[in-house]
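In structure tokens, the next block holds one chain alone, the form predicted alone.
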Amino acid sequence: MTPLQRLIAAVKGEPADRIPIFCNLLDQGAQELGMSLEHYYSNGEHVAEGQLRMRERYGHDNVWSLFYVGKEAELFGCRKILFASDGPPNVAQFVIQDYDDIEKLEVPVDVAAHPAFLETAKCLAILRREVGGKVPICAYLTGSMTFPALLMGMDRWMELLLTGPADLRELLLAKCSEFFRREIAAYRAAGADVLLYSNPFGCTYFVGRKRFREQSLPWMERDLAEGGVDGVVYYCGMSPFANIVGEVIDRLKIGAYYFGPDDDIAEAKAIVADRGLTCGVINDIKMLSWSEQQVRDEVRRIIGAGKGSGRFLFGTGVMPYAIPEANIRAMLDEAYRLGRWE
């Protein structure tokens, strides 16, 4: 089976050779091409080549169009990204410096034509040409409740969310939701198959259950209402969300859930059941220091808890740059072995 056929079978609960295995190797592409991260992420051709080489090296079931999370802020005018030598880039200049900037914030009318999207579009075009229709092409999109953190910083966003002027909060969220709808349409048009809906505020880790129900759920509904949920994967930035996933399924009808490593996968699988794809995720931060045997043991635990009757995927977070290659291979070898269906 091709990786895309394998994923579709898992989503539908149909027979397959093994469960899908997603390994999100992003920064490692720069190392593979012998480039600094800043040079690597300056060109969509580099990122596409890095993704193709990573999949050729390890054999996992996905490729990414994601450069770095802060790239979304560039679509709003962020001009400075902080590049490290051995870790993911981050926003170094917030476009919202004070509350007055919220009213002046302009949502890009045509995301696909925006200069800050051109290299991403180039990457997607190459991936579509090389592996389109065979390997799932993934895109990363930040939900409206989380996107303000990229525009003004997490501390300022929490201040506005919890104690700031309600009218400005709602105005900012409306602009972020409008942007999300335009952005997801651009990614779909460019050929992305898997649309990771990233929203740490879509769980009770950052907000209580009352605020989750009164604010997070309505804004998520608004984000997804126009384009629908085809290809969308629910993700809370590695935070646990099994305690509210039933409500999310009822309200949003998303078909795949990328749980955090602290979630009880057996419990999560029981709640999702045949209503969607359950994704069990390894704590890849700990893979920096784990032995190969510890990695294999954790893969065995996750797949043992979730594989069951199907509708299951094994995945990673955003694999840190410094994870030893031996641990990556140990993880994938064990996942391929244990993920096979007889």
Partner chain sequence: MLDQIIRDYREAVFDTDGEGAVAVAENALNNGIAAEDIVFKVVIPVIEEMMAVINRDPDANLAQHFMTAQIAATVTEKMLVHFRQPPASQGKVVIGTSAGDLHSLGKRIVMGCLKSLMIEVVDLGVNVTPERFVDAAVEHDAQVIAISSMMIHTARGENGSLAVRRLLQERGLESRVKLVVGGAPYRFDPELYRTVGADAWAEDGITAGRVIQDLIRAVTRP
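The structure displayed is predicted, hence computed values, not measured ones. Positions refer to the first chain, counted from 1.
Just so it is clear, the following notes concern the form predicted in complex with the partner chain, a form of the same protein that is not shown.
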**Prompt:** If we take heavy atoms and a 4.5 Å cut-off, which stretch out of 71-79, 136-144, 204-212, 184-192 is in contact with the partner chain in the predicted complex?
**Reply:** 204-212
**Request:** Indicate whether the partner chain has at least one heavy atom within 4.5 Å of a heavy atom of Glu103 in the predicted complex.
**Result:** no
**Contact of Gly132 with the partner chain in the predicted complex (heavy atom, 4.5 Å)** = no
**Prompt:** Is Val233 close enough to the partner chain in the predicted complex to count, meaning some heavy atom within 4.5 Å?
**Reply:** no
**Item:** the partner chain contact in the predicted complex: Gly255, any heavy atom under 4.5 Å
**Value:** no
**Item:** Selected contact from Met238, Ala268, Leu217, Ala125, since only one has a non-hydrogen atom within 4.5 angstroms of the partner chain in the predicted complex
**Value:** Met238
**Asked** Gly87, Gly246, Gly228, Pro165: which sits within 4.5 Å of the partner chain in the predicted complex by any heavy atom?
**Response** Gly87
**Prompt:** Across 260-294, which residues bring a heavy atom to within 4.5 Å of the partner chain in the predicted complex?
**Reply:** Pro261, Asn283, Ile285, Lys286, Leu288, Ser289
